[in-house]
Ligand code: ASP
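Shown next as structure tokens: one chain only, the form predicted alone.
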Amino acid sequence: MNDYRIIATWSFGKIAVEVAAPLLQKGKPALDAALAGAQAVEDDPKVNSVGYGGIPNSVGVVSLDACVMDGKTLSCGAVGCLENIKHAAAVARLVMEKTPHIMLVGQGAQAFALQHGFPLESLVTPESIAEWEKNRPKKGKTAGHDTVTVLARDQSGTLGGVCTTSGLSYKLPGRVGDSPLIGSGLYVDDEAGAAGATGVGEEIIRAGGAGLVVEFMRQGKTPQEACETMIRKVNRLAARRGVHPARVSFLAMDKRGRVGGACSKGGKFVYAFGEPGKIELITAPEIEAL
């Protein structure tokens, strides 16, 4: 059976899809392909919200968060506040494979990466430092928040997902958003589907995130319906605090390979989609809060 699907957040998600699709075509596992695609985005200095070239935090340090999840076994791994290690998602996979834990953070995550052969590298570029110097606000106020989430379904029908980011630009040191949190930024279960999130992590965490999108699919909603339902939920909760609309987007794929995506009003969310013979960008609908 030569049938696979892959989706990834934002227009730069096309980088991930173009790398992952040939691997799926060759019969590689979903998680392997998703990780390779995500790593291609981590390596691209032009993507200033993921990996190398990400905009630093408030003190000028690039701090990475990432997680991975296998839909067949529900095995997962994550890292948070990882500094000077370029391939955060690959480290997250090793946490899954080599430890009894799900998440390592900070200096512990960095030491683990070094023990497994990852080099210490500077993650800033002249462009990212210039952007930081020009725009860094005071008192912990934050800016950009574009994550790459990659969801794949391989030829065997197994799902895999990866989420990786440099987080909110100019964030306070130690801040962790939804991206490395299983059930918030990412959740993958072969019995129901896979989902990922991008946007303001605090809003995604507060509402239940990607795990709830997967539960909506388990209850019978299509991926599109599940994403739209979740956007409405996030915005209802945000409105209770005077934040309207919340800046969030969700992406989903069910166990049959159907896909969907949605964002808050004004979000202008696009995602990349790949299947045999086709790679394209899809504009997700903007959902009004009820």
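Residue positions are given as counts along the sequence shown, with the first one as 1. Computed from a predicted structure; not experimentally measured.
One more form of this protein, predicted in complex with ligand ASP, exists but is not displayed; see below.
Spot the stretch among 208-216, 165-173, 128-136, 86-94 with residues whose non-hydrogen atoms come within 4.5 Å of ligand ASP in the predicted bound form. Answer to the contact question: 165-173.
Classify residue 154 as contacting or not contacting ligand ASP in the predicted bound form by the rule of any non-hydrogen atom within 4.5 angstroms, answering yes or no. No, residue 154 stays farther than 4.5 Å from ligand ASP in the predicted bound form.
Exercise: residue 146 in contact with ligand ASP in the predicted bound form, heavy atom 4.5 Å: Residue 146: contacts ligand ASP in the predicted bound form.
Quick one: does residue 160 come within 4.5 Å of ligand ASP in the predicted bound form, counting heavy atoms only? Close contact is absent here: in the predicted bound form, residue 160 is far from ligand ASP, nothing within 4.5 Å, heavy atoms only.
Even though the partner isn't displayed, in the predicted bound form is residue 81 close enough to ligand ASP, meaning a heavy atom within 4.5 Å? Result no; residue 81 lies far from ligand ASP in the predicted bound form.
May I ask you to choose, among 104, 124, 200, 76, the residue with a heavy atom within 4.5 Å of ligand ASP in the predicted bound form? None of the others qualify; the residue that does is 200.
What residues, if any, in 173-187 have a non-hydrogen atom within 4.5 angstroms of ligand ASP in the predicted bound form? If the 4.5 Å heavy-atom criterion is applied to ligand ASP in the predicted bound form, 173-187 yields 175, 177, 178, 179.
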